[in-house]
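Only one chain is included here, represented as structure tokens and corresponding to the form predicted alone.
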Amino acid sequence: MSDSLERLYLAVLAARDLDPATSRTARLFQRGPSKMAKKLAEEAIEVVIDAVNGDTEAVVRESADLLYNLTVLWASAGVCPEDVWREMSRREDMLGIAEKLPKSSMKLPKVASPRISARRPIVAIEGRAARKRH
């Protein structure tokens, strides 16, 4: 998956200087970070609405749009995918892959060495039925 986002990121970088009349990416760069952020937020809301409505296919489509707009915003902000992967790896070392960092650093577990420490196991939530895809 990360290779797909890397390719998308490189394509975004290549398209940012194209003609805004024919390139959505160039148009977003021309309009600036606030427009990029607005588009990202719109796509995130669409993903949420489709998920709440149980429309799996729409969640997939809107998620692809969300990733595109996130990648555009990364490029504008000078963030490359490798920066994000590095942060995800750091968090996984501290908390496990399925956890989000707490807002307060007081809650973080003590870790002697990030690569040597034992990772928390990935645990599935019991009692939730797997949803059938059609």
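Quick note: we count residues from 1 along the sequence shown, nothing fancier. None of the values given here were measured: they were computed from a predicted structure.
Separately, the form predicted in complex with a small molecule exists; it is not shown, and the next lines address it.
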Distance check, Asp50 to the small molecule in the predicted bound form, heavy atom within 4.5 Å: no
Proximity of Trp74 to the small molecule in the predicted bound form, heavy atoms at 4.5 Å: no
The small molecule contact at Asp93 in the predicted bound form, heavy atom, 4.5 Å: no
Partner proximity in the predicted bound form: Asp83 to the small molecule, non-hydrogen atom cutoff 4.5 Å: no
